[in-house]
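In the form predicted alone, a lone chain appears below as structure tokens.
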Amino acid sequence: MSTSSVSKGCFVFKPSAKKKKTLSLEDHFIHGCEGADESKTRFNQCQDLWDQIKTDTELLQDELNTKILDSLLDFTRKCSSTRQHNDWASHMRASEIPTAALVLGVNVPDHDMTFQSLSELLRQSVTPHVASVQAKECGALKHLIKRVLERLLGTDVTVDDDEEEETEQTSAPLHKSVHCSLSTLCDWYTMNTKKSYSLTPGKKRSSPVKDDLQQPPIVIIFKDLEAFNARVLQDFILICSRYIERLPLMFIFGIATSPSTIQHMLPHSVSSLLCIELFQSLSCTQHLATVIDKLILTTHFPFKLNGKVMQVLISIFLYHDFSVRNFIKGVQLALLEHFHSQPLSVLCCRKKEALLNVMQLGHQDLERIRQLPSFKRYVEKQEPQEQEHLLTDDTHLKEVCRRLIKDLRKYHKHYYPTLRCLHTLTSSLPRYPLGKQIRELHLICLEKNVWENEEYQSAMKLLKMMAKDELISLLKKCAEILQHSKSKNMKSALLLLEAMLAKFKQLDTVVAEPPPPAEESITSPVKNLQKKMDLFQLQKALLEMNESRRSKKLSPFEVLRNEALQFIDSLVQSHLSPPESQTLYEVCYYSSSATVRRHLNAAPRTSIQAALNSPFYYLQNDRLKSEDGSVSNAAPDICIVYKLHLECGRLINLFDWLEAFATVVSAAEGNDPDSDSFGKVDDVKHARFIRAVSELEFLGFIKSTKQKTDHVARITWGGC
């Protein structure tokens, strides 16, 4: 671009700001999606299920946290009202800082949602002055005070000798900076308490403020207490204790491990300044059990996980992070993968929508149905004429698929109530033959016929020895489970179960009849055992005694108990078959456990080695392509250094390594190989090499060694 000026100068012309096109989630989903014609419909269905899972999970988590959050709110209200009284006990109590020790467990990724809900509830019903801080932003005492003041005052706070942190300024600052000290907070609080308080800052009160909230407390939440520097925390508490008469301070400690953490971090001289009350949240395993029961084991969601995928997600939860939030993310990942990779997932929706989508399937989709393993098994069981119609007539196939989709829905309506009934009966047994948690029983049922399992058979034997009152109590719980089912089969089963319970009740009113007299034929084998006999006669007597016991007349309760257990066994064998036995189960069930494991169980070393060996797959630069497996000389410096270090032994000579690097870089720059300067080490190449080696050391591939000063030791072996 040309320009004219009276004086000579340098002009900078910025290029036109062209908006870079960013791909949305929908674009990523449709890109490379098998069955592109229905990809839009599949994405919308996936998005609806995704939002539904997210909404229901948040509601469930709020419901589970209700008890502990209500307890914390009552604690803050009580401490605030105590400060208003003038009696001696209240005065002594007010000299300490009220502190709630909230033990949340080691499921750290779930804590943010809990603290967010707690902060919102505190602002709505107790006080508008709530500040949450984390250890990573409070490395020093001045930083901790700075973060607290910024979150309470809503303005910038200046820190002495720390101007570099204040270089970022907004174009239109809303507030003026204030000095970083608790005396500033005292002045601000005194000025604000003179005004009429509203529970929501910036809005008018909808109701008059209570007397005990004329001086609302200042709540400071330490989200991750264990991660805080002990010395910083001690100094902050000592400073706050000097202002407790002027500021109604209150602490909430978020603890992941044990309440004894407070004793380890704070000496008695500091902990004595706190009035600590302990609060215990619901354990993460109980939380997961509730989520699985209300979210996974229900007909509310048409999308399902097979046994292997469920086992992967539960294993990651139990052996990695104890995070229910990450478990839900794994379910959502499986949902996205299923709808992206399975064209027939268009039928994985509510019943009416699924039946409508069946009639809109094209010939290609119908051919996909014919290739499903479950549908092939179904065709093989039909008559030859019906097989021909299913394989050639698309209209007839659509009608059959509508019926099969209905049967799949009925299967789920029968499966989950029966599963809960079986779990109710077996979870009360000693040693939990089929697992204490319902998820353990669910995994067994997903793998194979549960009635063929040895643990199931042993559970039935134990149930046959159960006492009357306990058995009746469990059968009543099963009846309550069946009452919530709308299926006709389950209602019929409920009527039979209620009839059995009525018979059990009648046993209490019947007068016990005297036992019949013992027959001589039954007692004779026992008498014969007292006589002298040879081995053959002893064996014969034992067999006769065993037969006599089998022919012994059972009591009315034993007869009725066996009848009830036979009913439960028939219910299990009718409705707890694995999902693979159902036709078209592939439409709703996601089974790629390897994909879920690869996405959720990251392997950093493998990923780093793959990136260093094949940078093209990450950078998508055609210059980085190499057919023989070698790294292009145009690759990043760290890739070149990594490839050269693979050719060395345990000890690597830094000078030889540098010369080899300079040779490769010179070739990349297009220098003449015959020139004298080719492969020479200059300052720029030397600096690039040092930086690449430092990055390689940071990643853990090499380390310095004391054996030779000009060598480094290699601590990994092999490529990707």
Partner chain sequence: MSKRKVNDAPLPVGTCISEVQDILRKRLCHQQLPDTPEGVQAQHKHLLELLKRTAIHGESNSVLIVGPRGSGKTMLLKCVLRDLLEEKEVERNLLQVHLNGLLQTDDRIALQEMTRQLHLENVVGDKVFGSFAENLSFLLEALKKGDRSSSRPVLFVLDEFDLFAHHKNQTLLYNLFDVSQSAQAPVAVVGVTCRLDVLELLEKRVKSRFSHRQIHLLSNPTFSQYLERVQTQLSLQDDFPDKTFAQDWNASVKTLCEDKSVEDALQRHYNSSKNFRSNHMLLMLCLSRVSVANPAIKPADLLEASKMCLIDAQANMLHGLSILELCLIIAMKHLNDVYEGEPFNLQMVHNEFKKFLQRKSNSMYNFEQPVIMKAFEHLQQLEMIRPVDSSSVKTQREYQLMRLMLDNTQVMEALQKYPQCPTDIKQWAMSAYG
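Residue numbers count along the first chain shown, from 1. Since this is a predicted model, take the numbers as computed values, not measurements.
Keep in mind that the form predicted in complex with its partner chain is not shown, yet the notes after this line are about it.
The partner is absent here, but in the predicted complex a heavy atom of 266, alone among 462, 390, 266, 638, sits within 4.5 Å of its partner chain. Screening 191, 507, 230, 499 for any heavy atom within 4.5 Å of its partner chain in the predicted complex leaves a single hit, 230. Stretch-level contact analysis of 451-459, 222-230, 475-483, 113-121 against its partner chain in the predicted complex, using heavy atoms and a 4.5 Å limit, identifies 222-230.
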